[in-house]
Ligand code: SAM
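In structure tokens, one chain follows: the form predicted alone.
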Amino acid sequence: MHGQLQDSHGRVMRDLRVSVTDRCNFRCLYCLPETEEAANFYRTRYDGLRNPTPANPPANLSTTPIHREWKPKSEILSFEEITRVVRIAVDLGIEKVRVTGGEPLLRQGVDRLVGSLAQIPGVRDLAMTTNGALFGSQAAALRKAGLNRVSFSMDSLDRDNFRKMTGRDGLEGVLDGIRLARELGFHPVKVNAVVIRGMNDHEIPDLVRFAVKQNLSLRFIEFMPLDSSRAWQKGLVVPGREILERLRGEFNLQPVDASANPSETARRWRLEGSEGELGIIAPVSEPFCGHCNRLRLTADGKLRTCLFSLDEHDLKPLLRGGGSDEDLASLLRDRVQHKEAGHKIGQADFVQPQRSMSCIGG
């Protein structure tokens, strides 16, 4: 199989995010804000952020939880279909594969998929992003299957605040998962924290202290417009520069040279006195689209060339209709050629994708 996955802007694709399910057992504010507390949070913050007059929140901010219709099993790719797409993508230059969801550990037997992906020649890095709630019971099997790295979503170290942000009382389970990941030799162990003004931005220093103590790679991520309630507000974004300024007075941060990897999404700093590091991912205030080398495969077999794509490209007709590997490779090359120059957050013509982050894959 010949050719690379190169777009019209000269970017060569090396990173593939593979969602294995659109379902999730959390209801996070920035993804599936479908709890009464989430609705109340947005209501109380809405006044003054968009309207200086009495609050007028979007009509879809109901206090009644949304009863979501998940994709039927018949539309979700099988492990064999996922493995085939990844193998073809790796033949075309993909080197890094990350298993995501929804919550990937809700997919029964996901360690079998990890084992299949780990055996594909050319997969240089095989990782997973999880909320950690189910990690403890599956961690050893995942490690044995060949998973190299794991990233945990953990937005708060305060039990009550964690519950407000995720809709679940699950902080201890996530902390246990992080400890277990370190014991099993996953390296590095990453923690991702989405920062929302007025909700968890006061915990920024505490999260860094936790990373220092536990030798973790911490990533602060700006709040993006990918929530199912479409309640995102720019005023709730804590810009990366502000996060950094809040930390400089307390922590000695040594910049990490990323010139060898211009597609790196995070600006990174070493944390003095620790093997851990800090990263800030700022897609809203400091877009890094010019070096983006990522593709996403949704659980229902759609190729997305950008996290904020308005178009998806269905691979199932070829996968289930007798298409050859070369047919699939040709489709991948063609779609990548049309990869967007960048997202349009903050621009007048920005349109939020129809599907939330849980359906797209992190």
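Numbering starts at 1 and runs along the sequence shown. As the structure is a computational prediction, the values presented were derived from the model and not from experiment.
The next section is about a form of this same protein that is not shown, the form predicted in complex with this ligand.
*Asks:* 326-334, 297-305, 26-34, 312-320: which one contacts this ligand in the model of the complex at 4.5 Å, heavy atom to heavy atom?
*Replies:* So the stretch in question is 26-34.
*Asks:* So, in the model of the complex, is residue 192 in contact with this ligand at a 4.5 angstroms heavy atom limit?
*Replies:* Residue-level check for residue 192: yes, a contact with this ligand.
*Asks:* Under a 4.5 Å heavy atom criterion, is residue 277 part of the interface with this ligand in the model of the complex?
*Replies:* Taking the distances in the model of the complex, the answer for residue 277 is no, it never comes within 4.5 Å of this ligand.
*Asks:* Does residue 224 reach this ligand in the model of the complex, with heavy atoms at most 4.5 Å apart?
*Replies:* Yes, residue 224 lies within 4.5 Å of this ligand in the model of the complex.
*Asks:* With a 4.5 Å heavy atom cut-off, would you call residue 103 a contact of this ligand in the model of the complex?
*Replies:* Close contact exists here: in the model of the complex, residue 103 approaches this ligand to within 4.5 Å, heavy atoms only.
*Asks:* Ok, 229, 217, 138, 129: which has a heavy atom sitting within 4.5 Å of this ligand in the model of the complex?
*Replies:* Checked against the cut-off, the match is 129.
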